[in-house]
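Below, in structure tokens: the form predicted on its own, a single chain.
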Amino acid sequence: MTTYSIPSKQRTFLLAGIIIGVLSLVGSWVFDSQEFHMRFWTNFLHNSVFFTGIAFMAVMFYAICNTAWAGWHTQFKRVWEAMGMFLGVGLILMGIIALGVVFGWHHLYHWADTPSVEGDDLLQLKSAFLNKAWFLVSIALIGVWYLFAIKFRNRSIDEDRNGGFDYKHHLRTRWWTALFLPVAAYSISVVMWQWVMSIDAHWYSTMFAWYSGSSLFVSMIAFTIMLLIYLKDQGYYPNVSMEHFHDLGKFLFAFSIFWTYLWFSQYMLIWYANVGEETVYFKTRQDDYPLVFWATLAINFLLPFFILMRNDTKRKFGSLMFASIVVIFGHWLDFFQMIKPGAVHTAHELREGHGDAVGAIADHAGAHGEAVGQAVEHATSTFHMGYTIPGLWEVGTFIGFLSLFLWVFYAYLGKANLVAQNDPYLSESLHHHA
């Protein structure tokens, strides 16, 4: 089969998932124990960032492979092209967050609250970057990614129609992918700082963009494996072999290790330095969110490490599918713990006087971590479903966003040949050996 046609049952199933997501967002708005409808907005931001980031990573890895003259992925590159099309939806979703920043619909970001910034020396120092204008720039960058994704896809489809194994046509595509890579490398740092790290406005890490980016990349590889296994089971991609899955399994294994390296490096360096406004990030999560904090490490490192360490498990659909499901859930949970504690802390600071507690942090930051105790007083000290651990509304919202992501993916996958017919590297992919 050269093209994909989404079955009616699958369409109904995905529509039901989207409805579950909408109802879960409504539930998180209505049944929330925190101020400012924080559960709704954090759930919306959490899943918008996660799935938009996965779409971006698909486009970026497509560009990397193309620029590096790789051919192993050619058979299934339409999968990455279709995943990248979700960036158009991501632009709308994150645009809603941006409008909330501009017009005050939500209080996710402490730095966006003008009265508290005026009385906060630390936020004043960061205001050159943490401001509404830069946040709008970060949203505009999604538009830039989307334009590149459209360009790559259109050139790929045009190659099917007019390429005729014309290598010059492929070289022009490579020029565009090479142009995209420096844009992608810079912009992923900007958006992760703005969208996620700035929720903990008084904290920073020079490794955060690498850390969050690696989390999104390994999630994208896991999605690729799951989608290809499903499509093969439905009779599509008969020539995608165990050699291709072996390579994808190696990427899944390697970048799970790389993510762990970044997790440890960020944690160890900040903890060892014992600077108050930096260690508060980990102190809060260890003390008040220990289950999620340590679970992310176990799920995202130990499970894929032991499952995929053996070479033969990278060549078995069962182990690859299980490892991919684990990785996607684990990194979704990781973004949960990146976002939720900081948002709760922001809500408490705004409630208690627009940032008066921040002055205490700054005053004691140099005194061997005394600021940590000051900061933790403002963190949640009791169990709150949806903040301490994910609840039904969080799981339902994830199902809704996942269903929307798959709906867009399958819609675009069915609009072109599943295999790029005139790509000059197609023969290499057909005879690929890992």
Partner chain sequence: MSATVSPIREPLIQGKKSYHDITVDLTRSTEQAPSKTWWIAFLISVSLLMFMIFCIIWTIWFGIGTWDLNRTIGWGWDITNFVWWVGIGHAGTLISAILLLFRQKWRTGVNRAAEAMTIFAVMCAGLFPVIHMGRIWLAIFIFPYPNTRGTLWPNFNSPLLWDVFAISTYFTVSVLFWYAGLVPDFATVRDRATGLRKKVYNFLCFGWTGAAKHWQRWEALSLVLAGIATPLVLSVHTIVSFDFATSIIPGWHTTIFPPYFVAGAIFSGFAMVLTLMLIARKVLNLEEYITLGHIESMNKVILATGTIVGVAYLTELFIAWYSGYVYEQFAFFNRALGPYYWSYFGMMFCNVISPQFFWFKKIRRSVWFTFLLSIVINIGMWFERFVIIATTLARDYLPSSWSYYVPTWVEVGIFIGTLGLFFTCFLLFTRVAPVVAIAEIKSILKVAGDQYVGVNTEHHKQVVEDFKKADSEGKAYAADHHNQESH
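Residue numbers count along the first chain shown, from 1. Note that this is a predicted model, so its numbers are computed, not measured.
As for the form predicted together with the partner chain, it is not shown, yet the points below apply to it.
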Does the partner chain, in the model of the complex, lie within 4.5 angstroms of each residue among 129, 247 and 272, using heavy atoms as the measure?
yes
Exactly one of 154, 234, 239, 260 comes within 4.5 Å of the partner chain in the model of the complex through a heavy atom, and that residue is 239
Please pick, from 339, 122, 91, 333, the one residue with any non-hydrogen atom lying within 4.5 angstroms of the partner chain in the model of the complex.
122
Quick one: does residue 427 come within 4.5 Å of the partner chain in the model of the complex, counting heavy atoms only?
yes
For residue 306, is any heavy atom within 4.5 Å of the partner chain in the model of the complex, or not?
no
Do residue 283 and the partner chain share at least one heavy atom pair within 4.5 Å in the model of the complex?
no
Wondering, does residue 100 line up within 4.5 Å of the partner chain in the model of the complex on heavy atoms?
no
Partner absent here, but in the model of the complex, which of 320 to 328, 344 to 352, 136 to 144, 190 to 198 has residues with a heavy atom within 4.5 Å of the partner chain?
190 to 198
Contacts with the partner chain in the model of the complex, stretch 174 to 202 (heavy atom within 4.5 Å):
174, 178, 179, 182, 185, 186, 189, 193, 197, 198, 201
